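In what follows, one protein chain appears twice in different forms, each by itself as structure tokens: structure 1 and structure 2.
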Structure 1
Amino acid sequence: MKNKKMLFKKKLAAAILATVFSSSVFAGNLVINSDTSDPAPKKAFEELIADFEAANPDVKVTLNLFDHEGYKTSIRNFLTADAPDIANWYAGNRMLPYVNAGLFEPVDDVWEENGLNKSMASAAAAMTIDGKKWGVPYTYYQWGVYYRKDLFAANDISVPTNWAEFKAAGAKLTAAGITPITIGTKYLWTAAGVFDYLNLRTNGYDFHMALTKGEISWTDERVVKTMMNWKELVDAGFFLENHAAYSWQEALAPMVQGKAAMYIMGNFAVAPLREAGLKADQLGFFQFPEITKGIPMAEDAPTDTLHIPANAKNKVDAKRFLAFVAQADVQTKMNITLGQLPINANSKAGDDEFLQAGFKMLSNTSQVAQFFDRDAPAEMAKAGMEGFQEFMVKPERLDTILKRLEKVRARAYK
């Protein structure tokens, strides 16, 4: 009954659309929905589409831009009701609900035919669910520690490579009246970045992934070990005071003013820091230091992806578009505009020093996490991030927080 109704509605909608747009509809019409509404991503997509149309003159592309936040709810509606031919989204657990609901189309053939299994091997795991690949990644960016070179130099600190040096660096900075790490946890996710790195460095990539997949208890002693390392930093006054009142952008200010020296962030923080006036000799980047000796250094590098909705009308051209986006030269050009890193191993990263640093760092690891809220399912991610924020303000509540997270784990992974 419901299906029949839906079918009727669809037919009706199609009929109306056909009469209204009959003049402009022709064979190769490709509709793309995306949330790339910020200046750089918007420009990158416009260039990408222009290049694609130049290479495929028989296809006409329509781009529907959505506001970044609104997109997260709109995608649920348009995937079921009025699907585009391509939609952008994120890798990892973030795409799981849509894969499970049968709203994304598997694109193994695109990977197969274009040799992506080889050229994009690093991202294959993040794109695979139930043995099938559900999209094509086009960009990612590194996380790590951005720091004030001049403040480090003024206080005679060299770039820390292990936990002891890291803590010593913080102690020197605090003694000089500088907050070691700036952070704004109002919107929670920034705290998850800190947790990701502490856990990846304390317990390693496999443990971290098992934890976010719900296979390990939150009250496990290894998790407690990660949190105790974190507590050391909190107790030593590493983090910006009142961080729960600030967004990540507001937390940039202390770093620009020289009141804070480091920021554990994604590469997107570079642009606003430069705009705020930090010069090349002031702003630097280093890999999050080693904590447990001998554990390979895994990284957070969230990947943005393109998908074909299961209800797409023009899947043939959509697959051509995905194949085009996957090309090495296309990814090179696109990511220079984006200021991020290409996925394709044959692409080149932009000349920017931070991109080069990230590229070098990420080429040395095969262990790439997507980020806490993309690796863990939504419910766990939300509870986890709230717990991290609370822990950073009230570290003495560790036991209660971990027990609460364990309760959520029992529910969230059913």
Structure 2
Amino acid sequence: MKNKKMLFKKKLAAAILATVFSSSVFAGNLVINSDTSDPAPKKAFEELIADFEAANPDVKVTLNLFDHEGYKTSIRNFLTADAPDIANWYAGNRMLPYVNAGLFEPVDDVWEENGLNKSMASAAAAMTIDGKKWGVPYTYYQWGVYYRKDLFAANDISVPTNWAEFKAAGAKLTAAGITPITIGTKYLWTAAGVFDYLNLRTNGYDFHMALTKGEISWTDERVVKTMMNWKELVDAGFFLENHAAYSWQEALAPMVQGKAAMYIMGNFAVAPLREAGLKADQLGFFQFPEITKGIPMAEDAPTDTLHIPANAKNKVDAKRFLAFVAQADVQTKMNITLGQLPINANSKAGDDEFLQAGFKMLSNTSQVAQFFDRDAPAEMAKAGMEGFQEFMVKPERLDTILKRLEKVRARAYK
């Protein structure tokens, strides 16, 4: 009997030790799935993980890298069947399907405990659905108007801050034989950038987001107002001729050659413009000007994010990781490697003048859209961008285009 009791105690002790050991091992393993497989993002994430492990020696991180297309097709499957502890994705409506399906975990506590509602105010709206925060953003980049400073100076044009000044600048350029805005719409998304800014400035962020969520008709008079503002520019010859034949890269050439003065584009255009020969004193940047007075100046700034899957096994360490990524110094370091902008307003942007300009602009807004093809579902985004390109070529078809988009809206959001 004594031997049996001793044997039972030994087994019980062993079981307790095994439980403690296994739980400690479990608690220290953090699995991240990511599509950051390109050289700069891969390096940034490897450095991030090394720094996190150094600061948290009790945690071992496993990074599973996917190519971009493979990640898009597999994310729903792994969130459902074999969830990692952290997955990267995108802000705004791109989160919505996974939030609605119950596949992402709300992380309001991470935001509150780390002061992120203040330090990341610029991205707060883009991370919020149904009043809850669903992840932490770590990088974005600005859109806006890149312009030839020397052409503006030669034609006595000041940087426009409102719609009247913007149209007056275009009129001066046209009179001088210069195309006001270069653009290549061969691959459609560039026209979506123009639409985003015209709609954000005409009707505001809340309206724009409601439209891309399918809550507003495309034949609504407010959408028509946006398109009529666009038509003013088209009718005045603001845009590059034959733009539907050019890619966005090919549309850089007229700007480099001095035949066009502005480009409504993301910050990724700066490097090829410099490589093509534009000098520092020739290239500038300004915020897309105000159209409707009093509407806050929302921006397009596609935002990359990290999320905790609802089925994650190690949510405790996952929240530690999100809090770490949100730190100002961590975001500074990551984005120097990425060549993009940190979201934390206490971070520092890289030395490049355009990163500095973008960081200042985005840190002073609380409304950031994600770009039309991220904010709208795929079917609506495709139809919308096709319609925008068609409108730029044949503005007289506006009524037909908007009615067609309204039919797509009826299907796409079911």
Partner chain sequence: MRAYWKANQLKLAPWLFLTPGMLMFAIYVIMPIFQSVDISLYAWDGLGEKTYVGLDNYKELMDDEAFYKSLENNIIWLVLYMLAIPAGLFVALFLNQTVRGIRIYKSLFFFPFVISQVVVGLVFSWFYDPTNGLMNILLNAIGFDSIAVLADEDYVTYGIIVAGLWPQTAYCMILYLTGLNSVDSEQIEAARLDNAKGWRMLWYIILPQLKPATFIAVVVTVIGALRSFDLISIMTSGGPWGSSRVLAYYMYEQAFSEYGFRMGYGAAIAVVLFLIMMLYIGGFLYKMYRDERGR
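Quick note, the numbers are simply positions in structure 1, starting from 1. What you see is a predicted model; the values in this text were computed from it and never measured. Between two forms, the rigid core is defined as the largest C-alpha subset superposing within 1.5 Å.
Visitor: Only one of these is the form predicted on its own, so let me know which.
Guide: Answer to the question: structure 2 is the form predicted on its own, whereas structure 1 comes from elsewhere.
Visitor: Can we say the CA of Asn203 moves by at least 2 Å between the two structures when the core is superposed?
Guide: The answer is no; the displacement is under 2 Å.
Visitor: Is Val59 one of the residues whose Cα moves 2 Å or more between the two structures, with the core superposed?
Guide: Yes.
Visitor: Report the rigid-body rotation angle of the smaller part versus the larger between the two structures, as an integer number of degrees.
Guide: Domain rotation angle comes out at 20 degrees.
Visitor: For His307, what C-alpha shift in Å is seen between the two structures once the core is overlaid?
Guide: Comparing between the two structures after core fitting, His307 shifts 6.1 Å at its C-alpha.
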